[in-house]
Structure formats: C-alpha cells, structure tokens
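Shown here is one chain on its own, the form predicted on its own, set out as structure tokens.
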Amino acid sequence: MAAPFTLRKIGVQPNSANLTEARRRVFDFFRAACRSIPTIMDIYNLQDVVAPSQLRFAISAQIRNNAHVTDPKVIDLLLFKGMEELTDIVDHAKQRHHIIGQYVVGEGLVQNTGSKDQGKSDFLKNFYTSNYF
C-alpha cells in the first residue's frame, strides 16, 4: 500500500506578479487540496458521511465563490487563508464535526428538509421581522 499523501509545506509567496501567476497558484492549491482528500477522509473517518468527489466539489465551490476577484494581492490573501485552512485540517487541528459542518452540511451537499419558520409562534415571527436585530 502506498504511503498517504502528505501535504508539503507549500508557502504562498507574498505577491503574485500578475493575474496569470495568481491563477496558476490557485490551480496549484486546488491540486494540493484534492491530493490531500484521501488523507483527510482517513484522518476524520468520513467514508460513511461523504464521498471524495463530494469533498472535491466542496473545494471547487469555495474557489468558485471568489472567481470574481481580479486583484492579484487579494487572490494571494485568499490563497494564504486557504492554505492555512488546509494545513489545519491535515494537521488534525479540527475535529470531525467541524469538517462535516463546514464542508458537508454547510456546502449544501446534505439537503435541509425542514422549513425554518415551521412551528414558530406568531410572536416569534413578528419579533424576527421587527427592528430589534
């Protein structure tokens, strides 16, 4: 059996020279994140909750949420945050329910079957629509 993929300490360099270089770094980050999925599945025992392809989709959805960003410095900042998150996950700095809550349930991979307003009283509905928030 091959040794599991270990995340190399890939540091995001401070500044991308242009948008093309920043885009290349995003693809490199996506590849590193996808290569670490089997390790993450083993560490957090996620086989019974989610498939690797669904985690890959969650990672790509996170990247696509910021597709509108065109400033290389902002892209570098987002890459730094992404690398920190990935390093924390691979280093087991998070617990299983954090991963499930953020990347399985939080990304819409598990459908919410109930309505949020169902079963609330009229008083609570009026309170939530008031200006007290």
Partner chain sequence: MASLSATSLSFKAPSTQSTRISQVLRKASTFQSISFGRFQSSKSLRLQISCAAKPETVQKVSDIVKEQLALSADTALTAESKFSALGADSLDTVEIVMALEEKFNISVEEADAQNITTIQEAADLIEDLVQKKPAA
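Being a predicted model, the structure only gives us computed values, none of them experimental. Residue numbers count along the first chain shown, from 1.
What comes next is about the form predicted in complex with the partner chain, which is not displayed.
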message: Taking the partner chain as it sits in the predicted bound form, is residue 98 near enough to touch it, meaning that at least one heavy atom pair lies within 4.5 angstroms?
response: no
(message) Whether residue 72 contacts the partner chain in the predicted bound form should be assessed with a 4.5 Å heavy atom distance threshold; does it?
(response) no
- Query: Is there a non-hydrogen atom of residue 56 within 4.5 angstroms of a non-hydrogen atom of the partner chain in the predicted bound form?
  - Reply: yes
Practice task
Tell me, yes or no, whether residue 24 is in contact with the partner chain in the predicted bound form, where a contact means a heavy atom of each within 4.5 Å.
Solution key: yes
Exactly one of 39, 87, 60, 102 comes within 4.5 Å of the partner chain in the predicted bound form through a heavy atom, and that residue is 60
In the predicted bound form, the residue from 43, 34, 77, 49 with a non-hydrogen atom within 4.5 Å of the partner chain is 34
Checked 74 to 104 against the partner chain in the predicted bound form; residues with a heavy atom within 4.5 Å, sequence order, are none
